[in-house]
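As a starting point, one isolated chain is supplied in structure tokens, in the form predicted alone.
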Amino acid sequence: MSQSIGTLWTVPYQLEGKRIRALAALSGLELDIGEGYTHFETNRTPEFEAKFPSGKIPSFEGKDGLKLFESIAISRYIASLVPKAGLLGKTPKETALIDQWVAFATNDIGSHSSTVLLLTRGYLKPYVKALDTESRNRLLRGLGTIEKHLSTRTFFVGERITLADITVASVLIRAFQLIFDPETRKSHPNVVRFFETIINQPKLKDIFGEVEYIDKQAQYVPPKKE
């Protein structure tokens, strides 16, 4: 077993943390997970904020003293450590295409999925139906873009898994939990195929875990009046 490259501060359900752990696994790298972490407590302590001023997770502290926060920065760093793994592509053009899909997944799928989650779970108040509808529509447009792209290829860039694929798959988890009902799965067969291909990779199955398909899209339920 290889020596750990550092400590990742995250929580088990955090999609960005799963992404970083998946990249490390594909590169054959060992990552320690911060012990004794309690969200909204540990990351509010002076000791944590001295290392990571934003107080956000995921955060990474390398054995060499490097300290990073923001998942995109950590993911790209981990992906760069073992060039032969090919996670950043083989050429500058491939690397640019990978960065393109990472940005697209973050902005056009991840952000809208998060809005739908916050609205339907009641975390974003007051609930605004128009915002919910618009977020779903924009999310579907983003899904349509990757559905078309995947119609002629297995992976996003090149012939093997890259940072782009791991990023998209991790972002899709929330979309599958919220809006991928039977009708949506039927209209996005390439997205479903891609998603299942990535999360079922032998090195990644334990990281991504089981994703249960939904029968109905998530909807906001107003609290009962007392």
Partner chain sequence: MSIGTLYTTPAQPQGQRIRAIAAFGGLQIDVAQDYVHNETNRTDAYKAKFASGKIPAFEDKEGFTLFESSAISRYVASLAPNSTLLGSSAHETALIDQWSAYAEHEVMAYAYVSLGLCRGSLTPYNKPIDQTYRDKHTRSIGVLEKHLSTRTFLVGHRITLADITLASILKVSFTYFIDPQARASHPNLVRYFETIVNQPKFKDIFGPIEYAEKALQYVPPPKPAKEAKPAAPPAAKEEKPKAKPKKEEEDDDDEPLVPEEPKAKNPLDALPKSTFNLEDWKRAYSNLDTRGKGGSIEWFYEKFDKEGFSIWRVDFKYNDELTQVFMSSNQIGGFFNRLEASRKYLFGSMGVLGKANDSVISGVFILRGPDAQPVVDVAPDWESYTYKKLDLENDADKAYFEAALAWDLEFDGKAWADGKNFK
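Keep in mind the model is a prediction, meaning the values are calculated, not measured. Residue numbers count along the first chain shown, from 1.
What comes next is about the form predicted together with its partner chain, which is not displayed.
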| query | finding |
| --- | --- |
| Proximity to its partner chain in the predicted bound form (heavy atom, within 4.5 Å), stretch among 190-198, 25-33, 60-68, 158-166 | 60-68 |
| Contact flag, residue 154 vs its partner chain in the predicted bound form, heavy atom cut 4.5 Å | no |
| Contact label in the predicted bound form: residue 76 to its partner chain, heavy atom within 4.5 Å | yes |
| Touches its partner chain in the predicted bound form: residue 82 (any heavy atom, 4.5 Å) | no |
| 4.5 Å heavy atom contact, residue 54 to its partner chain in the predicted bound form | yes |
| Sequence-ordered list of residues in 119-152 near its partner chain in the predicted bound form, where near means a heavy atom within 4.5 Å | 119, 124, 125, 126, 128, 130, 131, 134, 138, 141, 145 |
